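Presented as structure tokens, the chain that follows is alone, the form predicted on its own.
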Amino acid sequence: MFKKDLKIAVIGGGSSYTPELIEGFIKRYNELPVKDLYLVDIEEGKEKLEIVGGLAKRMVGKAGVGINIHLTLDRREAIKDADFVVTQFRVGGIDARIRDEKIPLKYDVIGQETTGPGGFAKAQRTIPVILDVCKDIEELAPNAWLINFTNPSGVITETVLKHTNVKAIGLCNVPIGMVYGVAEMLEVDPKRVYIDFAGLNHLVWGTHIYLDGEDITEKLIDSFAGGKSLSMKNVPQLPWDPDFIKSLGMYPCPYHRYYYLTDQMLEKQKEEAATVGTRGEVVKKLEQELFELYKDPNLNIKPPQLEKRGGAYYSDAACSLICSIYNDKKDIHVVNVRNNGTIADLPDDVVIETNAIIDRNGAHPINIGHVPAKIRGLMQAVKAYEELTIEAGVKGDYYTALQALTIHPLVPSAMIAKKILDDIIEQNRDYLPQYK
């Protein structure tokens, strides 16, 4: 017998993404009976929480659904007896992201929010907070599911699964964006497209692409090689080399450009940083515009401008996943989940991003076996970096952190890794209690 009157807590409720989450719950209200939705934030986010919360209440009112929206700075009150906890927070806010982008660029290294040294810095700030949130869940809502899309999503989900007793599944909008991208290219409904995914968060390959069950991978690879390209708002859209795409024989995710087109991407980043600003600086302006829109007392729907923010489909994916767990749907989602032998070339206890069957007991990844050598090396190198990043973030160990950055494929040497690490620690002191 399913429980009615669900309680859901959203940590980082003042996020500009929240209206998409609200829209997702409204849309699914008949099969996902959310009674109490707690939007939680911290003191510094209070104003944003009130603005977003006001819009959320207007959206729910317009839809005529019985969801009670609660705005609070009391995380424990929000988590107590929750059925699901959704995490979508950014420690240090957008200004910390901008620093994460600028520090590596100073040393001619890619400066990106989740990939390379920027992702490392974000993980170090986030790990102490997610462990703290999980302590509250263990105490106050031991049966709750944690749905994480705090970035870097794979690293944060793996931290939770390795270091807490919380049931957790990680999510990312990249695989959904890739499915929608193929659908757009073929001018078909996305429901007709299915992709086999294998890899890690922000390092995932589409190994096979199907339309109505027919394998169209080869045909699509030819289209990519012919210049058709898919990207995301937050990743510069540089074209792929046709011979490279044919040799890969798979569908790379937008973030692969940082690894496969490193020199071009670095030049593009430096050029943007010197003119329009880093992606974080652009997003900061976008966010200010969004919150101005959200303040409008007549606005009672998710504004279309939110799509420009770069996180399209994130929140809808979260609602869809929660709905599948609650309704024991046994349908397939692409999630960040414990490997447990799914990819034979990676340790069992690490988190991978892949297709999984979702039911009331969680995510059950579909077996992959060994992956081809052409993607195996990069996958293993980045995974080793992630394992060390988690260990460094949990223990606050400088030497582990130095090794993590040194072995990342985007960092050219140990000396540059050390300079970047010292800058990261120096500029994030307030957010790195584990390094004191």
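Note that the structure is predicted; figures quoted are calculated from it, not measured. When you see a residue number, it is the position in the sequence shown, counting from 1.
As for the form predicted in complex with a further copy of the same chain, it is not shown, yet the points below apply to it.
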| query | Which of 316 to 324, 73 to 81, 115 to 123, 341 to 349 has heavy atoms within 4.5 Å of a further copy of the same chain in the predicted bound form? | reply | 341 to 349
| query | Any chance all of K270, V282 and Y431 sit within 4.5 Å of a further copy of the same chain in the predicted bound form, going by non-hydrogen atoms? | reply | no
| task | Would you kindly say which of V394, A384, A63, I42 lies with a heavy atom within 4.5 Å of a further copy of the same chain in the predicted bound form? | result | A384
| note | Among N300, T164, Q237, Q264, just one has a heavy atom within 4.5 Å of a further copy of the same chain in the predicted bound form, namely Q264
| request: Report whether the minimum heavy atom distance between K135 and a further copy of the same chain in the predicted bound form is within 4.5 Å. | output: no
| Any of the heavy atoms of D189 lying within 4.5 Å of a further copy of the same chain in the predicted bound form? | no
| Within a 4.5 Å heavy atom cut-off, is A96 in contact with a further copy of the same chain in the predicted bound form? | no
| For K330, is any heavy atom within 4.5 Å of a further copy of the same chain in the predicted bound form, or not? | yes
| said: Residue by residue through 343 to 369, which ones have a non-hydrogen atom no more than 4.5 angstroms from a further copy of the same chain in the predicted bound form? | reply: D345, P347, D348, I357, R360, N361, H364, P365, I366, N367, I368, G369
